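Take a look at this single chain in structure tokens; it is the form predicted on its own.
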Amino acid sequence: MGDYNSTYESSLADPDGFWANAAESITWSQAPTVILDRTHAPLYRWFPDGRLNTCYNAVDRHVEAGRGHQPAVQYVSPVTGTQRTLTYDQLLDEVSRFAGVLAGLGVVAGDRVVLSMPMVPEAVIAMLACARVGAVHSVVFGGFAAHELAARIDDAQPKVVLSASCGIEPSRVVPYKPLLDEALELADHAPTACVILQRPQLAAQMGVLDHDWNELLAGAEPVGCTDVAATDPLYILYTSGTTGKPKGVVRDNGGHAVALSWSMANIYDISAGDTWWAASDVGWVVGHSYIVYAPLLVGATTIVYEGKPVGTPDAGAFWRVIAEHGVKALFTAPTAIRAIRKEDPESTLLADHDISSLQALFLAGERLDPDTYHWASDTLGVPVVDNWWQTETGWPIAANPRGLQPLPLKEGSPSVPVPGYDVQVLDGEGHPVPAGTEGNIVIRLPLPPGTLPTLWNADARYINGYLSAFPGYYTTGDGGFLDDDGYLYVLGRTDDVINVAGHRLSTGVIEAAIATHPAVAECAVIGVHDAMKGQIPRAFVVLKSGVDADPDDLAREVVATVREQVGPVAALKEVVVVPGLPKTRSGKILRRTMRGIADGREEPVPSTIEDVRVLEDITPFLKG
């Protein structure tokens, strides 16, 4: 444990010294002598002359240290009724043999491999096997439609595609192979092979390019680790909701390993032997960073959960998994906690489980509203820690550094800038604003290790899209403010600001006010056209389970709440009660899609059938 203020100042005053020290937590085949390469700014590179292998750091070195018997991956699948534990010894065996499968298919360092996989241990094994041979993996969320998968295949141009016969959800089996076949028909690029994990719930028909996963694995010889440059890419991750040409965020090997190892110890207070659960999907950045790489880099046990951990009829799934596996810290999205509260507002299911192992709840992916924060804090009796980051950064920009120095928690704030991130708030002209004043949240360059060094094959697009609005800064696209204590408040995307009769209002501020109403489980606010005021807010609210409120009465109460907490300037008059809100799998509400429908624009088709159904329910209200 250290001191936050001195650590943070040190990281900004001497980034080379700070990150050189942090890099000592990683095993290098060639230790870096240059920490930060500034010669091609604003395209910075960390540890340019270092060499390492990420898979070795995540698996092999723990076995060599004598901890091969410790669980590395704990697979929990209520949708199939199975569990499986992989020790570090077993993980090393399976990863090295699947690396042999890739090598047998001609995959070498620098080749790309696309994965479209359900939440099964094989997805983790495949990612690590790619890292082992130096290949660049690109995981595509298994629920994406065929045209989105095809676009990513064309951009990454993989030599091999890895998939499964199906994914499994609580109420249905989702065929993956037909989706992959359709994507390959749509794509211009053709891989040389596809490897399919056949699952007993639904067998896939195999084609001429297809190989059976287990058959290849049975005949594969294990291979060792291939050293790569620290600046070589580990993976490409395409941001959700892209239109046109996909935007592939690149993550390098060296900076990624250093930053994630540092974050697990200093932000999340997780070390070797601890059990950690990030309730997400490997298709999203949280899954990459905190299901797969970060916990394994520090020698922890990571939980891989297949199925939706919340929602009818299993709102107690979180508590059961925590109790059964001794989870020290849980990372999920606020929307998951809201879903639990909606189904079990009195926390009756919690009484059935001993969750005394839990020391902290970390939330990210959506703004943490005060109502959810207080409910979770009171229910669990542990610190509820908001943290804020992006697909592009790969690890938190702002958080409460529990492992470094636990700081006081403030509702509505993900706490303080993380060491390495020089967070500033600027006005539209690029000038710093006083404490408490809203503006554009930016990060002074260079970004710390582990963040995106560029976009895949698109340096100019990276510079134009992220570094041009405020020269010398990375533009986050989010608005907010810093308070007098240096705590950051993130109010939402800058395009979530509406202009009501000349007054700029964050929809996040209005949502926070609505969320305080005792009947509201969750809500979303969008701006819609108004002939007199230009824009006015329209609120969509989901009620808590068991609440039977009159819609008109509820609307009047919500309007009064917003008027009291935000002011008459908010001009909220329209409140619509809906059964659900469309979301990504990581829990983000599809506000952009909702705004597009309200404005009459064509928007991308949502990624899952469930999203489509929810949108169909609320589209009449979006169109007014």
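Quick note: we count residues from 1 along the sequence shown, nothing fancier. Just so it is clear, the model here is predicted, and its values are computed rather than measured.
Another form, the form predicted together with a small molecule, is not on view; read the next lines as being about it.
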The one residue among Asp181, Glu366, Asp496, Asp371 placing a heavy atom within 4.5 Å of the small molecule in the predicted complex is Glu366
If we test each of Tyr88, Trp277, Trp388, Tyr421 for a heavy atom within 4.5 Å of the small molecule in the predicted complex, the one that passes is Trp388
Check Asn53, Ala99 and Asp232: does every one of them have a heavy atom within 4.5 Å of the small molecule in the predicted complex?
no
Here the chain appears without its partner; judged in the predicted complex, the stretch of 261-269, 100-108, 321-329, 379-387 with heavy atoms within 4.5 Å of the small molecule is 379-387
query = Is Thr239 close enough to touch the small molecule in the predicted complex, meaning at least one heavy atom pair within 4.5 Å?
reply = yes
Item checked: Non-hydrogen atom contact Asp478 with the small molecule in the predicted complex at 4.5 angstroms -> yes
Within 4.5 Å, heavy atoms only: does Val285 come near the small molecule in the predicted complex? yes
| task | Verify the contact flag for Val490: yes if a non-hydrogen atom of it lies within 4.5 Å of a non-hydrogen atom of the small molecule in the predicted complex, no if not. | result | yes
